[in-house]
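One chain is shown next in structure tokens, namely the form predicted alone.
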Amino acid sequence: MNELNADDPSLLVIALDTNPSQSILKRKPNLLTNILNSISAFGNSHLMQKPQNKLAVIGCHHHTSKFLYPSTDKSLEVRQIDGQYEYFTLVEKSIKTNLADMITNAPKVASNNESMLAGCLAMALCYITRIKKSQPPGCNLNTRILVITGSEDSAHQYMTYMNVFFTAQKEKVVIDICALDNTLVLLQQGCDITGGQYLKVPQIEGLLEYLLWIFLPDPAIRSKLALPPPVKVDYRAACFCHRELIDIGFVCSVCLSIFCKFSPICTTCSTVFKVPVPLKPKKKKIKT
């Protein structure tokens, strides 16, 4: 497979976490509007770099993930606003209209639900694969995913995350992470595995500036820029029984599931293990 080339067009897929259960959205309910404006400006800046560049935005909620752009709704009426290019207006209007529709139709839940972020990343990889196959022969396409989220780590989605990370690594898809509120250990691992950039935004008010500075340049030219140093990645695994990060655990020899305590039966693949029996110490013979 060809290496990344800065002259090749780029496909950027933005995975936006819109779950209202995020603590940062609870503290600042109006923050989502500012985030959408920043993402629209950032996406249009990506399209403006090269005429062949492509963009997709996926909204991730607590019940589903949906494409916000490109939109499947052909009835969107686009008019020029204050001299803005119609294509850029379409991007901004599609994102806001489809997100409003997804939030309005979201089922109400009594408790806080996790964002379906791992499934959203899998959807992004499927879309990237489809776009790659539709390219004419000899056309190389740089592909990357940018995750923007204020949620916490979800150990319940550990296996899905790992499958996505190693698939992205195999397909040369770079995963960038923009954390708005919490330090994300699992996503740091995916960022390191795929060669992406991780950033925990110091000030949410300057989100657009951080997006343009850190994530707008293609990965092929990032080594020539003065970017923040890479963070130290915590590669601890999450156990399958309690979904907590552990330092030492037990691994199933068949399906590689990880447990924090020994279990005679693997709860993932139902493999039965022999229970280790402690050996009795041998009695020393007394010399006469």
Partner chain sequence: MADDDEIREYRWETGYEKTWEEIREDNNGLISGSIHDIIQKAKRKRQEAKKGSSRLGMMRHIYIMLDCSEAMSIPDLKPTRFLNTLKMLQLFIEEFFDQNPISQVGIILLKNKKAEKITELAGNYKNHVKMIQSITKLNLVGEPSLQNGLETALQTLRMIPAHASREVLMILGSLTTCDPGDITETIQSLKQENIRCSVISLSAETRIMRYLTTQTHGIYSAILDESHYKDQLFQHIEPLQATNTQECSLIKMGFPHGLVQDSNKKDVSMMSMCMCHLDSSEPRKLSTTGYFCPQCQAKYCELPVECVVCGLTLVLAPHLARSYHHLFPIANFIEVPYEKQSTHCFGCQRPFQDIDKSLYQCPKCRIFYCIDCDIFIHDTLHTCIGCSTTPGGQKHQIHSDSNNYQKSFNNSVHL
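Numbering follows the first chain given and starts at 1. Source: prediction; values computed, not measured.
Heads up, the form predicted together with the partner chain isn't pictured, but that's what we're talking about next.
Contact check for residue 238: a heavy atom falls within 4.5 Å of the partner chain in the model of the complex. Shown alone here, residue 119 lies within 4.5 Å of the partner chain in the model of the complex, counting heavy atoms only. Shown alone here, residue 133 lies within 4.5 Å of the partner chain in the model of the complex, counting heavy atoms only.
The shortest heavy atom separation between residue 99 and the partner chain in the model of the complex exceeds 4.5 Å. Contact annotation: of the candidates 179, 204, 106, 155, the single residue with a non-hydrogen atom within 4.5 angstroms of the partner chain in the model of the complex is 155. Shown without its partner, the chain has no residue in segment 205 to 224 with a non-hydrogen atom within 4.5 angstroms of the partner chain in the model of the complex.
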